[in-house]
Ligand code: DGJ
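What follows is a single chain, given as structure tokens, in the form predicted alone.
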């Protein structure tokens, strides 16, 4: 193996990426300890850093005899079990048939493989033999015959290491998993900060940075989805780490359900992080021969700051997580009818919006909620995926044929996981919902969760949806989910397996989405969960873009999209130009500003195009044309955050740079104007310092070094919320007359 080695003498495993190194060691009594994760340190093994001392009230394994210096309570471990003398947060907790809950994992064996491991029914990064390597380490509990397989995927060129866990019951007796984290990471004493991404519906993934403190800090969701409130991506970094400098570690869970990330600073100032499925309402029974797989954590390290860490994730997801052709292919610029019509429309209204969209140069019309069943409000109709011909006379195929005759593509909204009580499906199968016997149900948006842990429910819903998609030859699907999971009980499972419902629900979602993308490989698929409630790496395995937030206000979006960019590519963020005053905030911003913000995403429109003035239509035409010129930068270029909207209240600036450094776009918004204004300089990043760059608008020429080190002044604005835009193109040379030759 090229990037995974094992020293038989020292018992040290070493995993190498382009710039990072990860080490583990098999020590006394078969204990697998964590040794090092950080900058590549060459052929040195860092096990010398572990010093064992007698620590009061930290017990010792029986096998250690009189040696009081060997204690699992203070050793850095690779994957710890409960009940073996380690009192810190742990990775694995089992309950055995006799009621005991101790698990003592010992090293048994390892194997190395070319290519990246895969997981059963779970999303994960993928890699061929020339892209990735796999290390599998098997730990063993000799009392219960339980085997725990630690999986490591090494992507050398991407600077990524992935981790997952496979738990196998080789014993005769049934065991129950109470807690199965996907990974554990132990750090020696150091002062570190935690960066996480909190929020609420319509204000997701806001950034918060705080110092780690003694005790346990937790980032989590118990809502049956990764949630608007917390995101399954966190960063640990040194106290002085910035966008451009300093050590930082990223941990992203590729899972779309309940999760927990716990960080503990212990008595010896050591830090432990565990991440995986939330133990709340979770238990999983394993009979003899059964296997359980925990979802994948995608890890990255850099000493070059948080901006570099973000770009590692952006590149990795685009190349080896997202499977859609739309990772690099131009995406249709669309209009969605939701904020234009809500539920109040007919076929002529929809056609006229599509016609107006074609007139300004849009590529696709998307029909949102309200086209099916008795769906005139959000109180009814979910689950009845049959076209409402009272609204769309002649049926959906007839309307779509007219829209496609304009030269437009067609997309449609669905919400397959839900059912309304006022629906034919619910009246026929009330038992197909999640509901706790003899208890009243918790409603949300007046809808219930279908019990998609059941195959017959999944099959029924998907067959209905497939009939609709086949009939209209849809080019795009937006899959929504507009409530948290509650009433968690499945009538199809016995009492002892009710702790599996949350996880089986997520597996059901993944199965349904896999059916969709397999049946329609050319479909542009957008995930949505009331906006950003399931914005996670797991969903990106199925959909190349996710509706970033139900909040379309351009100024709020500056913070939402900024926070999202820390862990997710810009091209995955669904972002639209909407009407003003904005429907969520009542704020009015210039049309140009709304487009600048939406162009830091998938770009589209969500308003009634028929109500635009001729002047606004002409502005929109130019916006669409300009976006298509830079779309390749947004999809495949490097992204830089040049300001922080949580601390800079004057302006927000960001930058895209092509991989060859020949083209860059700088966009932003001046948040407030002021009398007698300051002159603000911004400093570009990622350019070739020796090259010359031409300002496309003014023709001025600068060296890359000047743009990055001397900076350029922001324009003095004429009001609040004004757009800021620069474009620079690398030039070949300048002749005596000052003419420039632009490199193509």
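Not measured: the values here are computed from a predicted model. Residue numbers count along the first chain shown, from 1.
Here the subject shifts to the form predicted together with this ligand, a form of this protein not shown in this document.
Whether 482, 528 and 547 all lie within 4.5 angstroms of this ligand in the model of the complex by heavy atom = Every listed residue reaches this ligand in the model of the complex, so yes.
Heavy atoms within 4.5 Å of this ligand in the model of the complex: does residue 369 have any?
-> Contact check for residue 369: yes, within 4.5 Å of this ligand in the model of the complex.
Using 4.5 Å between non-hydrogen atoms, is residue 445 touching this ligand in the model of the complex?
-> The answer is yes: residue 445 has a heavy atom within 4.5 Å of this ligand.
Are any of the heavy atoms in residue 413 no more than 4.5 Å from a heavy atom of this ligand in the model of the complex?
-> Yes - in the model of the complex, heavy atoms of residue 413 and this ligand come within 4.5 Å of each other.
Would you check, heavy atoms only and a 4.5 Å threshold, whether residue 478 touches this ligand in the model of the complex?
-> Residue 478: yes, in contact with this ligand in the model of the complex.
Candidate stretches 615 to 623, 528 to 536, 187 to 195, 435 to 443 - the one whose heavy atoms come within 4.5 Å of this ligand in the model of the complex | Partner-contacting stretch among the options: 528 to 536.
Option touching this ligand, based on a heavy atom within 4.5 Å in the model of the complex, out of 284, 651, 338, 345 = Answer to the contact question: 338.
Interface residues of 92 to 117 toward this ligand, as seen in the model of the complex [heavy atoms, 4.5 Å] = Residues within 4.5 Å: none.
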